[in-house]
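Single chain ahead, by itself, as structure tokens, in the form predicted on its own.
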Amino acid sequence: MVTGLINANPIVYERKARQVRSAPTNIDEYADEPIDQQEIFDHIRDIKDPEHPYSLEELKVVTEDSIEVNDKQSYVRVTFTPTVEHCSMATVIGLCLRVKLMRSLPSRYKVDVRIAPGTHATEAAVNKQLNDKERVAAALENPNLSEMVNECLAPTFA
């Protein structure tokens, strides 16, 4: 975790109860399984904040309503809200969201990760970085940044 916190006292919200999902009864093992907003939220809700011992869900950085899914067009958009408008970790948070979804979703999905409009001082620059494949690949080649992302994605079993 990072020392010298940008937001030393974030507001921590209660976690939502997890919804139990039932498996379909008629399974065609070759068919594409539809993916919905709840499934995407379940993938990203437990990502840890790089500065705090809380999940992105607990800090309301991501919510179910901030996720758009178009399964027919294989498109997912996650819009996240940093806890403060000058958050220096916004790019890392967005990178964590992108990496988690890249690892969790079938490769046919296009993933778009964005900062909520008007919630960050350098919103346009961060959005450009997060949605540029070459910049994302270069960032993940940096061992320190890659380690930070992997720490944020590590399961907590909480």
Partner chain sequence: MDILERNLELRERQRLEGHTDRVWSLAWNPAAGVSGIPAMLASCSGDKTVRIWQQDPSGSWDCLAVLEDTHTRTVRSCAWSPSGKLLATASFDAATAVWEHIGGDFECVATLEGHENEVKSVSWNASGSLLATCSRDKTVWIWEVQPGNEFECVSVLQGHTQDVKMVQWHPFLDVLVSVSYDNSVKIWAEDGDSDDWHCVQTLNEASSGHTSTVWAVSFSSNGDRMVTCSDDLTLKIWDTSSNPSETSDSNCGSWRHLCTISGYHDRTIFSVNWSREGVIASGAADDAIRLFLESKDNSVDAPSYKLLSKKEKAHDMDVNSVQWNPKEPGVLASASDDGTIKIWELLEVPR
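Quick caveat: nothing in here was measured; it's all calculated off a predicted structure. Residue numbers count along the first chain shown, from 1.
Missing here is the form predicted in complex with its partner chain; even so, the following discussion is about that form.
- None of 44-52, 57-65, 107-115, 89-97 except one has non-hydrogen atoms within 4.5 angstroms of its partner chain in the predicted complex; the exception is 107-115.
- Contact annotation: of the candidates Gln37, Thr119, Gln129, Thr122, the single residue with a non-hydrogen atom within 4.5 angstroms of its partner chain in the predicted complex is Gln129.
- By the criterion of a heavy atom within 4.5 Å, Arg103 is excluded from the residues contacting its partner chain in the predicted complex.
- Residue contact check for Glu134: one or more of its heavy atoms lie within 4.5 Å of its partner chain in the predicted complex.
- For Ile11, no non-hydrogen atom is located within 4.5 Å of its partner chain in the predicted complex, even though that partner is not displayed.
- Remark: Glu141 counts among the residues lining its partner chain in the predicted complex, judged by a heavy atom distance of 4.5 Å or less.
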